[in-house]
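The chain below stands alone, shown as structure tokens; this is the form predicted on its own.
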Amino acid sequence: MEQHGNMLAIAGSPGSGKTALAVKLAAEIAGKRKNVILVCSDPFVPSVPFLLPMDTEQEVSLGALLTAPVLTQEKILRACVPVPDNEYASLLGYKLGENLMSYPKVTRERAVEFLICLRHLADYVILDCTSVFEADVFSILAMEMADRVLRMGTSNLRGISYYRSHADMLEGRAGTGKYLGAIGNYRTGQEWEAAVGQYGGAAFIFPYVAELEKQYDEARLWDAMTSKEAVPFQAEVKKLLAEAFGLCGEKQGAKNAEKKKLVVRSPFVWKSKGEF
């Protein structure tokens, strides 16, 4: 039986829909009553401020965690920002107005320590990597340490140009079969077959969805999509979760094996995989 890990990194070209897809994957996992942490690692365009309502409190930045003198699982857990009306999903990321210069340089050792701790805090972890990963050691290590890496591109020349400039670095950091290829924001009429050839293959095609773009603009990505044109997108989400994590379409009921609850200072009810 094929063994699946619990950590997926998403990397690729700007405009390919990485962040929107990461949220939809996390929402689908949470809908199965599984704990999921979404790490928004882009220090150039902090994502948490526009993925949650503006009045959502974010006390601790990802940058603060990655440069703290001492890092513990409890510190990471307490830094998680709960998704409103969703007890199974939370976010970690940089704060509004921050950038790489806001903190000391992140070391490889600390990033590795953080990722190891993170893996044991949730059923599933999704790492939304920055496109400029050469400047962000955390994104590079996220690709190295994740169980699977979804490499996203677009079916236009901009995406192909990005891939050709980064292919050696991207694929050189993954084992055989670790990478999954995808085309994001595909619009009707685009030559996706030619793009797939340039990328060396793509197992997933995520179409452009107007409703998704509207949710993105209005900070409502955690809402369910109800339009007819969103059906193919959602089908690809389920297909990806099955491939990356072995998750089927059935929701997990409350009768699953009980998990210990951790007491955290937030409305976010977290069910840990194990004790600290």
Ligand SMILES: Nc1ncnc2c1ncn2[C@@H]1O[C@H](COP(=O)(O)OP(=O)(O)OP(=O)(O)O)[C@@H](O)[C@H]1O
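Note that residue numbering begins at 1 and tracks the sequence as displayed. Because the structure is predicted, anything quoted here is derived from the model rather than measured.
Not on display, but discussed next: the form predicted together with the named molecule.
Annotated contact segment (heavy atom within 4.5 Å of the named molecule in the model of the complex): 210-218, selected among 210-218, 27-35, 57-65, 235-243. Taking the partner from elsewhere, S131 is found to have a heavy atom lying within 4.5 Å of the named molecule in the model of the complex. Proximity of N185 to the named molecule in the model of the complex: non-hydrogen atoms within 4.5 Å are present.
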